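Take a look at this one chain, the form predicted on its own, written out in structure tokens.
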């Protein structure tokens, strides 16, 4: 369905994607997970023809991307992180406008609008001005606009940013329904419970490179590590840096996470004693990469990207 080989993208001298290779199967929900600046949005932009790349080969639907961009884009949709509609228009006016600029025939557009409205539960708010919608409803309108061309591939770039848990779950259930309709979904997120809930396969990207890929089950089952993730209450970075200087086997991940290289009871005890002596409060301890979050932290904690 989507094949990428040796993809290189630079912004001036800064490498955003470093000879990245990736394959996404048809009919799957594929999660693209990575820290800020890892290259996720750059990759999505390239696949949608919004950004040029420097080297490599890409094909979608077994068609080379550059030579078939128009035909490919007619079968794809991008649901961006930002809200991409006119807030002064009503819901139905937005749907008709964005369908119209895609030159979708009137009869097909009516059917596709009905499908988009039903899928995103927007029927009761069609005449409502979009600016008056709740955060979750605006996100659903964003998705509905992406469905107007009845795409075979949907790209979602952080679609649940800034919404409440109930709205997030509604959107995730909507995305799961696309798989039942044999659509392919490429989903980027920082929020690992979302990835765990909906994705068939996951690729973890860091500094423009794929550092792990596979099904969630295989990634977690096959990973062997002697690392321990110590979750702490938010603490100023200078204080945590002082902690790590006193115990070299501790690595700083963030204001709320430390990584201990070694999982013996003596090492864990020494780390907890040190943290207590410096008034750093511990929330939780997790041995090994028992969750996607701990695997993600383990793989991306070194060499974080800035691109």
Partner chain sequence: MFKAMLIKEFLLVSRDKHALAALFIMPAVFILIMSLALKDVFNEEKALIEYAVVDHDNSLESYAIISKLRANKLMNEHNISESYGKPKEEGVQFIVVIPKGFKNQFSQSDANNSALQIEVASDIGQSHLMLFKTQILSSVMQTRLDAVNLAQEMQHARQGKGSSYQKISFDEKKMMKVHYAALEEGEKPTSTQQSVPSWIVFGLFFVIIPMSTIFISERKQNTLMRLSTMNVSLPVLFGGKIIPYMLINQLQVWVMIAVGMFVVPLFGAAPLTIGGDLSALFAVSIALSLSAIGLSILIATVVDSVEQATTIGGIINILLGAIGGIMVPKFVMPEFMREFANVSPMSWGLEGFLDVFLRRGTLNDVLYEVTGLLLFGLVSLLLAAVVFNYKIRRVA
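Computed from a prediction, not measured in an experiment: that's the story for all the values here. Residue numbers count along the first chain shown, from 1.
One more form of this protein exists, namely the form predicted in complex with its partner chain; it is left out here, but the text below deals with it.
Its partner chain is not shown here, but in the model of the complex it comes within 4.5 Å of a heavy atom of residue 146. Heavy atoms of residue 191 never reach within 4.5 Å of its partner chain in the model of the complex, leaving it off the interface. Proximity of residue 103 to its partner chain in the model of the complex falls within the 4.5 Å heavy atom cutoff. Though the partner is left out of this view, residue 79 does reach within 4.5 Å of its partner chain in the model of the complex, counting heavy atoms only.
Residues within 4.5 angstroms of its partner chain in the model of the complex, judged by any non-hydrogen atom, belong to 43 to 51 and to none of the other stretches in 56 to 64, 43 to 51, 263 to 271, 248 to 256.
Interface residue among 129, 212, 197, 179, judged by heavy atoms within 4.5 Å of its partner chain in the model of the complex: 129.
A heavy atom within 4.5 Å of its partner chain in the model of the complex is found for exactly one of 83, 161, 133, 172: 83.
The single residue of 10 to 26 lying near its partner chain in the model of the complex is 11, the criterion being any heavy atom within 4.5 Å.
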